[in-house]
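Only one chain is shown below, in structure tokens, and it's the form predicted on its own.
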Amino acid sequence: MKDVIVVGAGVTGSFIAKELSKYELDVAVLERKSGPGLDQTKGCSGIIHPLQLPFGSLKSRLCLKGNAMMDKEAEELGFTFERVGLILVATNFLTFLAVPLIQLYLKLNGVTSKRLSKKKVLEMVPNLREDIWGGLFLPTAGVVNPVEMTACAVRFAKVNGVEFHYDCEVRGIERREDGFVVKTTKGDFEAKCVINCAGLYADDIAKMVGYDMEITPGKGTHIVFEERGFSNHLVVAIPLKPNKRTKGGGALIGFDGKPIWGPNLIDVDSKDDTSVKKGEIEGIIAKFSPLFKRKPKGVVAFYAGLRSIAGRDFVINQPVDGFINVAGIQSPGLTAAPAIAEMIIGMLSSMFQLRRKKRVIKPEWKRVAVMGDEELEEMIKENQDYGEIVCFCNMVSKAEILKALEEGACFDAVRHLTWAGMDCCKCHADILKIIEEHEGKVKKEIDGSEIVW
């Protein structure tokens, strides 16, 4: 019998597993997809939020705490993280007058900011239109690759003893006196404690133990542009009236420097609806274009992700002894993940006598794209696959692709973990060939999603 089973290997479940791996516990993670972070996590913007309204809510407190923890987490796990900062732009006289009040409100709630003159804002983002009035800079905002961040947590958890079972869908949970039997497509698992981190399907898992809740999917569409350096900061206009349809939206940038505009918020019925509609793209362009002199050059991709909405706040509770819900973790869940994990450890301390391991292993995985010449030469001596570049746009070697397959044996895991083939797509055939040679078949992201090429 396991001590703990975590249902879901998105960013939240993976960070909880990472923290659990530091203790003398027998832990398993069950994930319905073929790799980590391939559901709700991969569809988010990759933004580390500096704050979340309303202040005082659970998600606001966990966002602020998670943001403060992020540098240490990035160092411990080895994922790419940069604090690029967020500029709130005053586009008219009324919003300019509001800047000192906004700054005071943020300061009272523990958020650092700095007032900017019109001249300074235009120096920081030269492509902004000239008739802005000024702004406010929030330096703690950052960017990550959300799937890489998740996979790094998984890698840490794995080397420290946590089991991960992919393509493993939970079909039922049976309560027993000493714990639970979790029935899955890969057999039954027994555990003293179950942590529900099933994202969009957390309501289905909760109902298996008699707790009634509802997850509503909310779709957010993004546009990814090609022009690196169009802006080096996240940019949002100070709104006179918040728009529910563009909740959380901004002229953002990705961890690789490419502009990302969005997301909007569209009500959808299906938890699998990640379609991108023409009207959604037009709406995003219409909202953010007026901020700038011109649009960024080139479009790399459109994509949509889904938020798991369970009301206005996160749902973190223990409705049944030994069963913990970590549900409704929509934005800013990526930012809050380390703080959520710490909170769950606190909840588990009443169920287990938690003893930290004497030795915790810190795995490393370095990218060819950031290696110096001497380091790369040494890596090639140890493994010739580092010398075979598969994706020239993002400098990804065959060795990195094979390493990614250890984290998730499917096409989407490889692309999101290594960023190979995310630009011009010319290397897709080479990636598919490597996966087929290694795995015998090519899945997109889950059993039943085989790619024929």
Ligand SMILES: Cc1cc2nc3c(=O)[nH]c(=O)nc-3n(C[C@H](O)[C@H](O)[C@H](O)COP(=O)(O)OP(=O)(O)OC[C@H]3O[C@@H](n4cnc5c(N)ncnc54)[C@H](O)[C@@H]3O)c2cc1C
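All of these numbers come straight from a predicted model, not from anything done at the bench. When you see a residue number, it is the position in the sequence shown, counting from 1.
One more form of this protein exists, namely the form predicted together with the named molecule; it is left out here, but the text below deals with it.
Judged against the named molecule in the model of the complex with a 4.5 angstroms heavy atom cut-off, the residues Lys33, Gly43 and Ile205 are in contact without exception.
With the partner removed from view, the residue among Val89, Val154, Leu306, Leu128 that has a non-hydrogen atom within 4.5 Å of the named molecule in the model of the complex turns out to be Leu306. Site annotation in the model of the complex: the residue of Gln330, Asn325, Ser113, Asn145 reaching within 4.5 Å of the named molecule with a heavy atom is Gln330. Residue contact check for Gly135: none of its heavy atoms lie within 4.5 Å of the named molecule in the model of the complex. Residue contact with the named molecule in the model of the complex: Pro263 places a heavy atom within 4.5 Å of it.
Not displayed here, the named molecule is kept clear of Pro338 by more than 4.5 Å at the level of heavy atoms in the model of the complex.
For the chain shown alone, Lys59 is not a contact residue for the named molecule in the model of the complex, no non-hydrogen atom being within 4.5 angstroms. You can rule out all but one of 218-226, 349-357, 287-295, 101-109: in the model of the complex, only 218-226 has residues with a heavy atom within 4.5 Å of the named molecule. Residues of 159-183 lying near the named molecule in the model of the complex, listed in sequence order, are Cys168, Glu169, Val170, the criterion being any heavy atom within 4.5 Å.
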